[in-house]
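Let's start with one chain on its own, the form predicted alone, as structure tokens.
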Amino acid sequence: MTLAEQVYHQMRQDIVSGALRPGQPLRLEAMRARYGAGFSPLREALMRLQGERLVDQIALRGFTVALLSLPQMWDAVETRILIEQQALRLSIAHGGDDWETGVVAALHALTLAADRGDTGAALEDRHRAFHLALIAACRSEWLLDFAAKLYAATDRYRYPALASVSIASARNLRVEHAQLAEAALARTPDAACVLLDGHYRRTATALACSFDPERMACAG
């Protein structure tokens, strides 16, 4: 992995997690100190993130972390549903024993982390791995690439609400994930896609109810 790729992944995670807040200026001098990289890899990373709509470039002001808004959130959620439903259908059609084993293992790992009470990056890594496992056999690098970008775009809205007891207690996410995996492994694409749609829409609806752009935005 090149230095530019390392910076890209680190900065992307910082934006998604909120460590770099919406509206925050991404001045090259400050970013160089933060990531220990020169201007060239930093600019390359920023341009990639701009292409994913995680970063904005403003004339005469440089780069800033993209702002959050409910219309943009729903746009990303709706698009993510379309992309992942198609990828899920293809995975169900093409997936073999390795795919099934991957789904079972990812669900088990996610369940163990949730049962231990894991939070933050440890839990999120397993959550991401589970959803990736479902579509891993789709045989389309384009679909997987779009899915990864849309996951990051929607995750920006999830992170500020992860600690919300009201959002977590209103649903049994363990059951939702298990039902989704069961439908996929049973090779019932219509049922699996309906479950996936409902899973994402319930999350988005809860996030919309708790959306507070002033709390999420950069104070500077």
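Quick caveat: nothing in here was measured; it's all calculated off a predicted structure. In case it trips you up, residue 1 is the first one in the sequence shown, and so on.
Keep in mind that the form predicted together with another copy of the chain is missing from the display, and what follows is about it.
This chain is displayed without another copy of the chain, yet in the model of the complex the stretch 73-81 from 95-103, 114-122, 73-81, 128-136 comes within 4.5 Å of it by heavy atoms. In the model of the complex, another copy of the chain sits beyond 4.5 Å of every heavy atom of R32. Contact annotation: M47 falls within 4.5 Å of another copy of the chain in the model of the complex, judged by heavy atom distances. Within this chain, A153 lines the site of another copy of the chain in the model of the complex, having a heavy atom no more than 4.5 Å away. The shortest heavy atom separation between E52 and another copy of the chain in the model of the complex is within 4.5 Å. Of the listed positions (R171, R43, R187, R27), a single one reaches within 4.5 angstroms of another copy of the chain by any non-hydrogen atom in the model of the complex, namely R43. Shown without its partner, the chain has S140, E141, W142, L143, D145, F146 in segment 108-146 as residues with a non-hydrogen atom within 4.5 angstroms of another copy of the chain in the model of the complex.
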